[in-house]
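First, one chain by itself: the form predicted on its own, in C-alpha cells.
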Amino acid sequence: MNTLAALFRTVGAPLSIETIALDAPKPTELTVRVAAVGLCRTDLHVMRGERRVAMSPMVLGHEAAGVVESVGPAVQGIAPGDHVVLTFIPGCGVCRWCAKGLHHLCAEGPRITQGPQLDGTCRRKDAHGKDVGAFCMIGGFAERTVVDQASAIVVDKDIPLDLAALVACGVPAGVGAARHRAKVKAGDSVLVVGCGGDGMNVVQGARLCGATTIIAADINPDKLDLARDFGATHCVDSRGDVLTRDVLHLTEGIGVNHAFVCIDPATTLLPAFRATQKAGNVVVTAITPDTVKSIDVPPLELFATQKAIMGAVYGFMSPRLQIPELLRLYRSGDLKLRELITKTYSLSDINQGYEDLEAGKNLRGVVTFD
C-alpha cells in the first residue's frame, strides 16, 4: 500500500513529506495504523547530524502508538484491532538480556540506527524505488508502519492513543530513571537538570518515590513553573556554577542524594555531579551528540567522593513491564500524561513542531492522525 510519511533525507534539512510504498508484513510482523507519535529530541539529533544513521532516506519517529491492521502468520498474542505502543528497542526475546527479562538491554538495540527491519531487509520504498529505512525499526512519522512483534506491546483500548504514545519513550525514560535506576527512596533529595520530555518525567518519578526535596533546574522559566505542577519543590537556574551553588545552598552544603542529567551532558554533568552528595548517584538520561567523546569529571574527585555515574535507557527497566505499569498509574490518577502534551500537529506541520521544540515552546509536541 501507499502511505504518507515524513522522510529524513539530508542533515540540516527539514523532513520531507512524501508518499512511499509500504510492503505487507513478513511472518513475525504487523501493519499498524499510527494514531499518534511524539516529537522527541532524539529524532532532532538525527536531523542535525548529531546522531548518525546508516542510511537515508529514513522515516524517523519512535514514540508511537496505533491500531493493528494486519499481522503475519507467525505473530503471537497480537491481533488486528489491538491497540499497541511501539518500543524503540525491540525485545527479541531470545538474547541473553531478554531471557532475563531485561528487554531494554536487548542485543538488537545497537541496530536501531541502521534502517532495515530485524531480518535485515526494508519494507519501504520511495517514489523512485529506493529503499527507505525506519528509525528504531519503527518509522513512526507515517500514517502506517510495519514493525516486528518484538517492537509492539498491546495496551488497553480505553487509554487514549495520544497518551499511550508518550509511554513509548519520554515517560518511561524519566519516571523509570528515578524508580528503577537511581531507586529513589522516600525522604530522598533529587536534582533534575533539564525539564523537557525526560526531565519532567523524572520529577514525576521522584514524586512517586516519595522524595521530599525535588529541585528542578532549567534555563526556561516557563518550564520551571510547570515543574512545580509535576512535583518540584524548588526551582533553580541550570547554568554551570550557579546550579551547583544554588543546590548546595538548598541542601545546607551537603548536596542531593540523586542528580539526573536530562539535557546536554557535556556541559551539565559536572555541575550536577558537584551538586550531589558523597556516595550519591548521577544518572544520565539525555543523548549526547556522537561527536562528543568525553565529559570532564576529574578522576580524583570521582574517587574521593565515591559517587556513581550511570546511564539509563528506557528508565533501566523492560518496556514490556514498565509500559503497562505506567498506564495503570495514569488510570489511578498518580501519573500525569495529558498535561505533558503542549500542542498537537498534523504530519504536514511536523517541521513546525520541531521548530517549536527547539524554541523551548513545547514540553511535548505530538503528531496525531485522523
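Keep in mind that what you see is a predicted model, and the values were worked out from it rather than measured. Numbers follow the displayed sequence, beginning with 1.
The discussion below concerns the form predicted in complex with a small molecule, not included here.
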(message) Can you work out whether A272 and the small molecule are in contact in the model of the complex, taking contact to mean some heavy atom pair no more than 4.5 Å apart?
(response) no
(request) Please check if T31 has a heavy atom lying within 4.5 Å of any heavy atom of the small molecule in the model of the complex. (result) no
(message) Within 4.5 Å, heavy atoms only: does V190 come near the small molecule in the model of the complex?
(response) no
(message) Is C169 near the small molecule? Define near as a heavy atom within 4.5 Å, in the model of the complex.
(response) yes
(message) Let me test this: is every residue among A36, V155 and L337 within 4.5 Å of the small molecule in the model of the complex, going by heavy atom positions?
(response) no
(request) Would you mind picking the one in I287, V236, C98, L226 that has a heavy atom within 4.5 Å of the small molecule in the model of the complex? (result) I287
(request) Select from the listed residues L60, C40, L326, A65 the one whose heavy atoms reach within 4.5 Å of the small molecule in the model of the complex. (result) C40
(message) If contact means a heavy atom within 4.5 Å, which one of 131 to 139, 174 to 182, 157 to 165, 249 to 257 is the stretch that engages the small molecule in the model of the complex?
(response) 131 to 139
